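Okay, here we've got a single chain as structure tokens, the form predicted on its own, with questions on binding and movement later.
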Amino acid sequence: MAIRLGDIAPDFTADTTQGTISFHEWLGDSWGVLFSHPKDFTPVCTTELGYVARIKPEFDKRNVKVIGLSVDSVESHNKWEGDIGETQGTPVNFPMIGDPDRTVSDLYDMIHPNANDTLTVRSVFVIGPDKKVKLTITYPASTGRNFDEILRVIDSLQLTAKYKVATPVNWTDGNDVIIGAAVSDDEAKTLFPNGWKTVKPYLRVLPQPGK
């Protein structure tokens, strides 16, 4: 069954390259990014894992834990990580779930039979500290992900969880934001005492709170 935004992310216990984890317990009070790979020792995945390892400090400073998965074993992952470190210049520094029986893949609907009935698609799940799914993205196996975009979305998710704002098209951290549609002008005066620019009654723009 497909996982929808706002659903509780399914919990599971699994072996990883950094030991056995219980997913919800492992997440703790952190945000999480769970992302799947079609298969070990494949070219696109190798570049993705290397890049995530390189930018892991960006996830860390946002209180986000990252964890990968493929339908291969932990033993296979450990061998593959040597190639990733060698070719991408950064050793893998986050856990990779071994899922040869496809337990986690099935829980998260990562097997799409019309694409491939045995391998996972490139799924991304961003999960909040409340264990609810905040974002899902599915890429075909042939297209590498844009993890800079995933970081951008996490910035928006964390900002809009704290303040009653929304982020406009192509927003990046530090840019102007929009007052949420459910916020009345009277409430906005209390929330945003420095004011805002009214472009239309439904389009109210102000500098990013907290900056």
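Residue indices: 1-based, along the sequence shown. Just so it is clear, the structure is predicted and the values come from calculations on it, not from any experiment.
Keep in mind that the form predicted in complex with benzoic acid (BEZ) is not shown, yet the notes after this line are about it.
With the partner removed from view, the residue among 174, 28, 43, 57 that has a non-hydrogen atom within 4.5 Å of benzoic acid (BEZ) in the predicted bound form turns out to be 43.
This chain is displayed alone, yet in the predicted bound form one of 141, 71, 104, 126 has a heavy atom within 4.5 Å of benzoic acid (BEZ); that residue is 141.
In the predicted bound form, at least one heavy atom of residue 38 sits within 4.5 Å of benzoic acid (BEZ).
Benzoic acid (BEZ) in the predicted bound form is approached by residue 122, whose closest heavy atom lies within 4.5 angstroms of it.
Per the 4.5 Å heavy atom criterion, benzoic acid (BEZ) in the predicted bound form is contacted by stretch 43 to 51, the sole one of 176 to 184, 154 to 162, 43 to 51, 61 to 69.
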